[in-house]
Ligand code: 4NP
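Only one chain is shown below, in structure tokens, and it's the form predicted alone.
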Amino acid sequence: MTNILMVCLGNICRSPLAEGILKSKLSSDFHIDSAGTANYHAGSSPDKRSIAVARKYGLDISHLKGRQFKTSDFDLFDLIYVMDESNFRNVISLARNDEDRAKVKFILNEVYPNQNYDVPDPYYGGEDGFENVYKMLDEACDIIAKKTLT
């Protein structure tokens, strides 16, 4: 079984969307989860706007609960996708060795290799921000699913 973790800041906007999107593209032979680098929303459901945009595309992420990334996640996950530079720095700071560091990737590098583009945080924006983030993550998750299945 391949284990994939999606990471953003609070684990209520981008990473639960990425988790839901990737789960919809892969079988139950894969374990997909999400976490945040901060503990602001531990135990909370995803942002209502993330839930709404996911629902628009036939996905239900309302049952997910926020949690904070921890060092032991390096032991549990084969791939760790981060949403932005800040998430990358925070996750890498907890890495114990090169093996841990090698697991951490910018999710948009799947679409734009080696560019380290950020998935913008839509939290303080309007509905359009969540729609745009969904589309970015959907494109990246298509590529991840194809790569993972081959």
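These numbers were taken from a predicted model, which means no experiment stands behind them. Numbers for residues come from their place in the sequence shown, where the first is 1.
What follows is about the form predicted in complex with 4-nitrophenyl phosphate (4NP), which we do not show.
- Using a 4.5 Å cutoff between non-hydrogen atoms, C8 counts as a contact of 4-nitrophenyl phosphate (4NP) in the predicted complex.
- Contact check for D121: a non-hydrogen atom falls within 4.5 Å of 4-nitrophenyl phosphate (4NP) in the predicted complex.
- Using a 4.5 angstroms limit between non-hydrogen atoms, A18 is distant from 4-nitrophenyl phosphate (4NP) in the predicted complex.
- Using a 4.5 angstroms limit between non-hydrogen atoms, I12 touches 4-nitrophenyl phosphate (4NP) in the predicted complex.
- Exactly one of the stretches 91 to 99, 107 to 115, 33 to 41, 64 to 72 approaches 4-nitrophenyl phosphate (4NP) in the predicted complex with heavy atoms within 4.5 Å, and it is 33 to 41.
- Within 4.5 angstroms of 4-nitrophenyl phosphate (4NP) in the predicted complex, the stretch 64 to 80 places no non-hydrogen atom at all.
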